[in-house]
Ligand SMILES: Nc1ncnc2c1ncn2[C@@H]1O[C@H](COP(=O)(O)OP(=O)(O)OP(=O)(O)O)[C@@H](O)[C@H]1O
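First, one chain by itself in structure tokens, the form predicted alone.
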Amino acid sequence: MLQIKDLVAGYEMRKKWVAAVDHVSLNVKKDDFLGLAGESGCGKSTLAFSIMGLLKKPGKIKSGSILFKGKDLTKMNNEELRNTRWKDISMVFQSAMNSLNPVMRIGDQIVDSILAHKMVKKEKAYERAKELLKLVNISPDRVNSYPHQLSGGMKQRVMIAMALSLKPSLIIMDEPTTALDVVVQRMIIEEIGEIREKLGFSILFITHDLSLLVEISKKIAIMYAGEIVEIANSQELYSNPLHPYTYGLMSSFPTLVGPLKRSDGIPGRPPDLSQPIEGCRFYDRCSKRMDICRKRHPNLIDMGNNHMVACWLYSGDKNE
């Protein structure tokens, strides 16, 4: 359904190029649930905005392609993108519950999103708004409520309802539960899964919470400093993380059972993406680094079982 091929996107600032997304390739299939994980600033949101055609100056796509059902989104003009957004691809934005207009009723905001992309009568759009609220477990009479009358979890559900309004094939969710407590987060995640099973759309779920992705996604891609460093099925990644960065992320959240042990974070900080990097981008923070890691950039290699990793620990040409 979605094929991202060798995408380079970032920001031009003060004559410097910041490569927030650097030669990224990803596929999202029909009825797929792909998780994209990585620490803050690794390029996850830039990738999402690139897919949606919402990357504004100083951001831009430098090269590569984003194919949606065979059509390259990077080659579309504004009108073609506008006709694709929400109908075919929609997005739940980061901190989306703060994106609602505080002086408009919930129903009016959902109806506006429908009428902006589809020629229907206003009465029919209101009926659709009520259906959508019911779908995300909000009482339909809440169409007359203002955002301040809703809890944080309800606001988030409204934004998910809005993303579902035109029955898209793919929904991008950019950290949709970050600002919520763990109980409400769990409820919303379960509801997203139930709705996806019912309607059959695909999801690209972006978060820094790898433990969450292991539970809910089919496949996980790990992003570091603008690059994809590991891709695997979620259970395979959980039981057998290969890249030292992935292992560090997995080790940074505590276990619920077994003896207590100290959880160590990943030392150091990500590299400056405005500067050229010759070798592995994780070199300065890696406990398993070798001399080749500083000199040569590793590419993604297939380790079998749909597991790919970009690390010299698993490459056979270290001495070339």
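Being a predicted model, the structure only gives us computed values, none of them experimental. All residue numbers are counted from 1 along the displayed sequence.
One more form of this protein, predicted in complex with this ligand, exists but is not displayed; see below.
Contact with this ligand in the predicted bound form, judged as any non-hydrogen atom within 4.5 angstroms, is confined among 278-286, 24-32, 291-299, 43-51 to 43-51. None of S113, Q94, T84, S99 but one reaches within 4.5 angstroms of this ligand in the predicted bound form through a heavy atom, and that residue is Q94. Of the residues E191, E127, E175, D88, just one reaches this ligand in the predicted bound form with a heavy atom at 4.5 Å or closer; this is E175. This ligand in the predicted bound form comes within 4.5 Å of no heavy atom belonging to V309. Within this chain, I66 is remote from the site of this ligand in the predicted bound form, having no heavy atom within 4.5 Å. Contact annotation: M303 falls outside 4.5 Å of this ligand in the predicted bound form, judged by heavy atom distances.
In the predicted bound form, this ligand lies farther than 4.5 Å from every heavy atom of G265. Across the proposed site, Y11, E39 and L273 without exception bring a heavy atom within 4.5 Å of this ligand in the predicted bound form. Applying a 4.5 Å heavy atom cutoff to this ligand in the predicted bound form picks out P58 as the lone residue from 54-82.
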